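One chain follows as structure tokens, the form predicted on its own.
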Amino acid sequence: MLDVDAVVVGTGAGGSIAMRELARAGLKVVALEEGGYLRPADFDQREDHMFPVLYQDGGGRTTEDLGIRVLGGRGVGGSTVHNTNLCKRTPDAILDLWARRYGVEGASAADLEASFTSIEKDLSVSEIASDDINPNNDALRRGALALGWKGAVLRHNRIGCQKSGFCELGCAYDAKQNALKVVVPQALAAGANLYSDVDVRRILVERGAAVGVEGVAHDGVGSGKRPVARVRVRAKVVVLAGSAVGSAALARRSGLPDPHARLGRGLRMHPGGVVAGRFDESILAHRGIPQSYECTEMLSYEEGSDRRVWIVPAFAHPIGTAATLPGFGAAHMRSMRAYGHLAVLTAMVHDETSGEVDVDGDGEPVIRYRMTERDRVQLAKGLVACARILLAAGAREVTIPAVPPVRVTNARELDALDTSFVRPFSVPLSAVHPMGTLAMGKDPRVSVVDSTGEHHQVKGLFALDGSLFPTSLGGPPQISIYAFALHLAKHAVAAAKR
């Protein structure tokens, strides 16, 4: 058994910052990570090797009804290891909404300015150079410009990028300035201790206060990992940073008090689908920086808005592409032979659907999420918008990989398209941004943690990851998670010292 001041569960964007700040405050800190501690030399750029070790359930995690694939990271660095490095601050309109509608205090744009600035400096965030926009992203840019739609070059956290295009499999060139490369080493240098391949199963609570965690260490070998030891850590403070899915599942598994039935609820995910355009010219979308341009023509942050879609490029390597493209046999082969000529966009919904994370009989996560009709309509609008952009950029044919596939060659066909087919099961959907299952706010009747990140009913228990967010962000969450963790870490420090 270990006896420390604070234990952090998870080492992604939020957990890495929490362990660093706690250690820098002179506290004895232990971080526990379910996945392994991989280095750049381990990232061999093979889908069949990297998905099983970098993603939850080997990349096969889904909602309970199998309607949406949910991609989440595991391993030291969490999802920052496999993400595409997009860096956008929480929109001011979202922060204002959280204060006005959800009772979040002390988290205005002005309150968070120092944290965002500090994180962006630590991670060397910069705008992607125009010369680094690859043909796939340029198709989005050209199409949006031709339509007169709003778009912009994105910001990222890379230095020395080799433009190999394998970001989602971990960077073999160590160019990502992420939790794994930057923040975790800072935390270790400050005196924190880290144990990987430890699956935390329970939060220990005594007399209304968190006093530690217990779990199982395993041998870390793929999906057949074997338990090798029991782990117990006593601590004054417990920080949950295992993602909106992992943190909520651990809280549910631990039987934490939930007097107002809010624990694990309010899940948002930015569900999205893809649209592929076939061009005469070579696109080679798998090469270069994957996502460097965005279209925000369809995106409003107003609650209840009829324009809630964020559009960015999306592309996969051969296995992922083959699994998504419609058709069988010879027809599927013809589609794959056009691989080098495909540009692909994704429409992600700034969702208002409220899902739930529960656990099954073995304590494993169960994700319940049924898209509302309003969100389904938004998704349909987004996919049509993606198709319109690709056609405006010069695509010969555009395909929505539905069942059956929808193929169009001109905007008139899009105008007449019946989009009632756009829904889970008929269109492959994925979600990469789970948020909101331990939402913050002043009122315990509608939130799980207060505006400091501390649990309303369990003292010394903090959530410092994407589970904090009361609503969807409408954009990439990593910088928001880093910044909120930094902004709130001082409260965990104070709790550990009291």
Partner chain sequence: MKLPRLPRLPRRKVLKAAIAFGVLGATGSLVALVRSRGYEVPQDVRGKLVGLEAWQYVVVQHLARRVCAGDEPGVVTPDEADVAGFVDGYVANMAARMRRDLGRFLGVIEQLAPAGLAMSSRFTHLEAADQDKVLGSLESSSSDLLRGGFEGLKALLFMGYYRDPRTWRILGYDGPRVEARP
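It should be emphasised that the depicted structure is a prediction, and the values quoted were computed from it without experimental measurement. Residue numbers count along the first chain shown, from 1.
The form predicted together with the partner chain is left out here; the points below concern that form.
- Per the 4.5 Å heavy atom criterion, the partner chain in the predicted complex is contacted by stretch 419 to 427, the sole one of 419 to 427, 90 to 98, 237 to 245, 181 to 189.
- Though the partner chain is absent from this view, in the predicted complex it lies within 4.5 Å of a heavy atom of just one residue from G273, P313, G73, P365, which is P365.
- Residue-level contacts in the predicted complex: of R307, R202, H260, H317, one residue has a heavy atom within 4.5 Å of the partner chain, and it is H317.
- Within 4.5 Å of the partner chain in the predicted complex, a heavy atom is found for all three of F43, R46 and R334.
- A residue is said to contact a partner when one of its heavy atoms sits within 4.5 Å of a partner heavy atom; Q162 meets this definition for the partner chain in the predicted complex.
- The shortest heavy atom separation between D443 and the partner chain in the predicted complex exceeds 4.5 Å.
- Within 4.5 Å of any heavy atom of the partner chain in the predicted complex lies no heavy atom of R376.
- Interface residue remark: H218 is not counted as part of the site for the partner chain in the predicted complex, having no heavy atom within 4.5 Å.
- Residue V403 is the only one in 392 to 419 with at least one heavy atom within 4.5 Å of the partner chain in the predicted complex.
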